[in-house]
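Shown here is one chain on its own, the form predicted on its own, set out as structure tokens.
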Amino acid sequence: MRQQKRIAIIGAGPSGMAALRAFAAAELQGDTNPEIICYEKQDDWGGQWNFSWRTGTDHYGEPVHSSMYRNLWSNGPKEALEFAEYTFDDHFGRPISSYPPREVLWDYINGRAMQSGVKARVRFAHAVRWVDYSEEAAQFTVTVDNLRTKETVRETFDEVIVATGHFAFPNVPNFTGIETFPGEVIHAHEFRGAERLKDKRVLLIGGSYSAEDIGVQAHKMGAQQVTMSYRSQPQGFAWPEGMQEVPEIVGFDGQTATFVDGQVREFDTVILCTGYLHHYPFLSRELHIESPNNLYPEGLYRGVVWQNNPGLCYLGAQDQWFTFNMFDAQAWYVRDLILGRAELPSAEARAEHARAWLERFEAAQTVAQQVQFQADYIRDLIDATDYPSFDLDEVVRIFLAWKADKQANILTYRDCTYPSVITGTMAVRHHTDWLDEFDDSIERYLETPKPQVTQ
């Protein structure tokens, strides 16, 4: 009689939680699940959505995973990330705004996972150190440190799901003369709040979402001047007075930075918004993704199955327009492969499938094409499983409306509202304009302000 399969999930952030939920859903349908162990190096789940004041290393001496900071509000509509089988209505029991703060979104993903009863499968404060694969045994050996007891354990598994994300290991380029800069220099990964930037002249190096959001946060919190240096092209928003984009930096001389267009400016603080790298220190190069951050990393069949060893799967390894619901679609498909509900094609067929999708990805040049590409990718996964279908094209429309709202006013787009594509519920406007809201707690967010009494 065949021994029960053993599955390791590495990471209990949104992707790992999606995998646990997927197996729990199959169990409710009468499937017999394999033995599942999820290793999470933090003390609780949620991955990036766990805020910590710490930077560098945590209280165990491990690299801090989360890049979250105080007063971080969703920078995309919640309607674009809503779980198809656990809605915001299900969780909050009432309409909420389209751009909740971090604590509210953590509460949402935590609520779904707690409802599934899967927390017992997670070994918290367990850091995976190495994953070996034996061709002869067709098994993985996972070496793990229990960070609380200081014990090292080695366990064997039939399949491994890597769900550690790829926005935790910062890309830190060098800049000529940066060592002479007398002020603070940090990566966005270490940024923990814009309050300390009040009255400061801030330089953000980078031209994407981190620079945009930290820049707007700094402006909101009273920075004297916010300058964003882009390498390829400006973001092009109608920035308010006190915010400006400049081209690529040439170098530093003390507090003075020089840019390729000849501009020279002085700064008090430099924040590197230079992105993140795929980094899996527990995997050998034979199992490790080697890809820039893009919508379709090479080496993965259907964006999840490692082509050279299909016993290894990745969740959430793509650059992301969609997030939580894409992780669900991936997790449901990986689950079905493991349970035998879906059949894995031959290596040749997998390679051909990947080539076709890579060609589609390379042809997607505009924002609209890229969003539609990822919607079609998710649809392909959902069509192969029993994950509830939802109107992906409507989500694409919401994404494009979001982009237009940002172009109209980068400071007020979070006050806009959208309908749920799952329930049809229209979001409500938050009781306080985002620019005037300085309390991001869930208590403040969910409170109903007392009506104004007019004299």
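Quick caveat: nothing in here was measured; it's all calculated off a predicted structure. In case it trips you up, residue 1 is the first one in the sequence shown, and so on.
Keep in mind that the form predicted together with a further copy of the same chain is missing from the display, and what follows is about it.
Exercise. Using 4.5 Å between non-hydrogen atoms, is Glu62 touching a further copy of the same chain in the predicted complex?
Worked result: Flag for Glu62 set to yes.
For this session: Would you please decide whether Trp130 lies within 4.5 angstroms of a further copy of the same chain in the predicted complex, comparing each non-hydrogen atom pair?
Result: Yes, Trp130 lies within 4.5 Å of a further copy of the same chain in the predicted complex.
For this session: Answer yes if any heavy atom of Leu272 is within 4.5 Å of a heavy atom of a further copy of the same chain in the predicted complex; otherwise answer no.
Result: Because a heavy atom of Leu272 falls inside 4.5 Å of a further copy of the same chain in the predicted complex, the answer is yes.
Exercise. So in the predicted complex, does any heavy atom of Thr143 sit within 4.5 Å of a further copy of the same chain?
Worked result: Yes - in the predicted complex, heavy atoms of Thr143 and a further copy of the same chain come within 4.5 Å of each other.
Exercise. Just one of Pro173, Gly93, Gly117, Gly340 has a heavy atom within 4.5 Å of a further copy of the same chain in the predicted complex. Which one?
Worked result: So the residue touching a further copy of the same chain in the predicted complex, by this definition, is Pro173.
Problem set entry | Proximity to a further copy of the same chain in the predicted complex, single hit among Leu295, Ile378, Val185, Leu300 (heavy atom within 4.5 Å) | Going through each option in turn, the one that passes is Val185.
For this session: Specify the contacting stretch among 221 to 229, 206 to 214, 83 to 91, 280 to 288, defined as having any heavy atom within 4.5 Å of a further copy of the same chain in the predicted complex.
Result: In the other structure, the partner sits against 280 to 288.
For this session: Go through 48 to 71 residue by residue and record those having a heavy atom within 4.5 Å of a further copy of the same chain in the predicted complex; state none if no residue qualifies.
Result: In sequence order, Phe51, Trp53, Arg54, Thr55, Gly56, Thr57, Asp58, His59, Tyr60, Gly61, Glu62, Pro63, Arg70 come within 4.5 Å of the partner.
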